[in-house]
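Only one chain comes next, encoded as structure tokens, the form predicted on its own.
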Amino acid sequence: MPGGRNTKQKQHIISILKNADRPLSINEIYNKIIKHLPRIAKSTIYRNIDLLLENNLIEKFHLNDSEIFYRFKEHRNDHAHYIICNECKSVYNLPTCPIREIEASIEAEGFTIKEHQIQINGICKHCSTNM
């Protein structure tokens, strides 16, 4: 595996992110990993997350203004976009990337796009019926 040694800590972090149905914060990863590795330090998680980001195996999101979330990438060019409910904080995946055509026309002009993210905030169906 690129990015240094293939440690059990790194494997647990990858497994947690692969099995998550949404991006996870460091605290969420920590709360899951201590069930298997009770002595792991958060600094170890941060260090492994940095290595996984450097090797393009995960991506990060600022889904809430104050916290960063991470998602495992199935493929190096894989990415996702999200809709977030302001009330219950539920996170929903956009089924497709709505910017692909725009990206292609931008790249046709010679601009190299490194990454993009789309985040839409609003009120989900469940919360809007309870208002």
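Between two forms, the rigid core is defined as the largest C-alpha subset superposing within 1.5 Å. So that there is no doubt, residue numbering starts at 1 and follows the sequence shown. Just so we're clear, the structure is a prediction, and the values are computed from it rather than from any experiment.
The form predicted in complex with another copy of the chain exists for this protein as well; it is not shown, and the discussion that follows is about that form.
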Check whether residue 11 has any heavy atom within 4.5 Å of a heavy atom of another copy of the chain in the predicted bound form, and answer yes or no.
no
Taking another copy of the chain as it sits in the predicted bound form, is residue 98 in contact with it (heavy atom to heavy atom, 4.5 Å or less)?
yes
Partner proximity in the predicted bound form: residue 5 to another copy of the chain, non-hydrogen atom cutoff 4.5 Å:
no
Is residue 86 close to another copy of the chain in the predicted bound form, meaning a heavy atom pair under 4.5 Å apart or at it?
yes
Is it true that 49, 52 and 104, all three, sit within 4.5 Å of another copy of the chain in the predicted bound form, judged by heavy atoms?
no
Of 73, 60, 42, 32, the one that lies within 4.5 Å of another copy of the chain in the predicted bound form (heavy atoms):
60
Near another copy of the chain in the predicted bound form, with a heavy atom at 4.5 Å or closer, the residues from 32 to 55 are none
Does the distance between the two CA positions of residue 25 reach 2 Å or more between this form and the one not shown, the core being superposed?
no
Did residue 55 shift 2 Å or more between this form and the one not shown, C-alpha, core superposed:
no
Rigid core fitted, is the C-alpha displacement of residue 92 between this form and the one not shown 2 Å or more?
yes
Can you tell whether residue 87 sits closer to or farther from residue 33 in the predicted bound form than it does here, judged by CA atoms, where the change is 3 Å or more?
closer
Out of closer and farther, which fits the Cα atoms of residue 124 and residue 19 in the predicted bound form compared with this form, where the change is 3 Å or more?
closer
